[in-house]
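Below, in structure tokens: the form predicted on its own, a single chain.
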């Protein structure tokens, strides 16, 4: 049975309505395998904190460091364990159209509610090539397109998104370019999620974004829920900005991986090429937790600085 024959577990409109989607972290055991016990705890925390969806195996979840077997297994596991309580959006994008098609077929076959697709990276293509790439995956099920030029080295320009917006499975765009691009789309009725935590409050309340696909919500899901659901709150946004700035002082997910280890909710295990933030940044994180309030963060343990030797770096996984 091909994925186009599998009945979707949610409608495209059901994805368009989501305001808080967490790009969830993938935790590891000391040998580099997935720590599913810690992962399940993270997902439960997201559900309890008010997140409506999770991106599985995205940039934050290090899908690019997974085999496709690992990737599809984790999507299926998330659907089977939590799909009744949260929308599961699988990152099945690739710079190869063939791989993107195959992975998306598999993702929908194991029950994901929607797919996340980035534009082809490194081997950049033309505008027509971008449209053709996305047209191959859109018929399979609800789809969010992810525009992050800082990682792909190629912007997805508005004419591409506008050309694809007529597809019934086009749920919307995770947009990282900024407020003006967000407004460009929302003025045309295209659903947009901010891809930048530090901009998401204004994108949501001043520029018409539906919500955010967030890294910070791994740590403070309840506060991010408030930021997206309870109207303009400049004071809360200002309170969270130091955390958001800290999270991205090095390329994501380095900061998040370090923070979750410091909070004791994942083991301090990194799949290379990621390495933890240095000591001074770990000290800074403890201060940020104290300023925002430990009760607002995931986990039960006090934030620890940790020693450099506490971290395990895995090159074979």
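Just so it is clear, the structure is predicted and the values come from calculations on it, not from any experiment. Numbering follows the first chain given and starts at 1.
There is another form of this protein, the form predicted in complex with another copy of the chain, and it is not shown here; the text below is about that form.
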Practice item. Kindly confirm or deny that 98, 122 and 136 each have some heavy atom within 4.5 angstroms of another copy of the chain in the predicted bound form. Key: yes
**Study point:** another copy of the chain: the contacting residue among 196, 237, 154, 226 in the predicted bound form [heavy atom, 4.5 Å]
**Key:** 154
Point to revise | Which of 48 to 56, 288 to 296, 64 to 72, 257 to 265 lines the interface with another copy of the chain in the predicted bound form (heavy atom within 4.5 Å) | key: 64 to 72
Review point. Should residue 163 be classed as touching another copy of the chain in the predicted bound form when contacts are defined as heavy atoms within 4.5 Å?
Key: no
Point to revise | Contact label in the predicted bound form: residue 311 to another copy of the chain, heavy atom within 4.5 Å | key: no
Review point. Does at least one non-hydrogen atom of residue 159 fall within 4.5 angstroms of another copy of the chain in the predicted bound form?
Key: no
Practice item. Would you check, heavy atoms only and a 4.5 Å threshold, whether residue 81 touches another copy of the chain in the predicted bound form? Key: yes
Review point. Can you name the residues of 224 to 260 that have a heavy atom within 4.5 Å of another copy of the chain in the predicted bound form?
Key: 250, 251, 252, 254
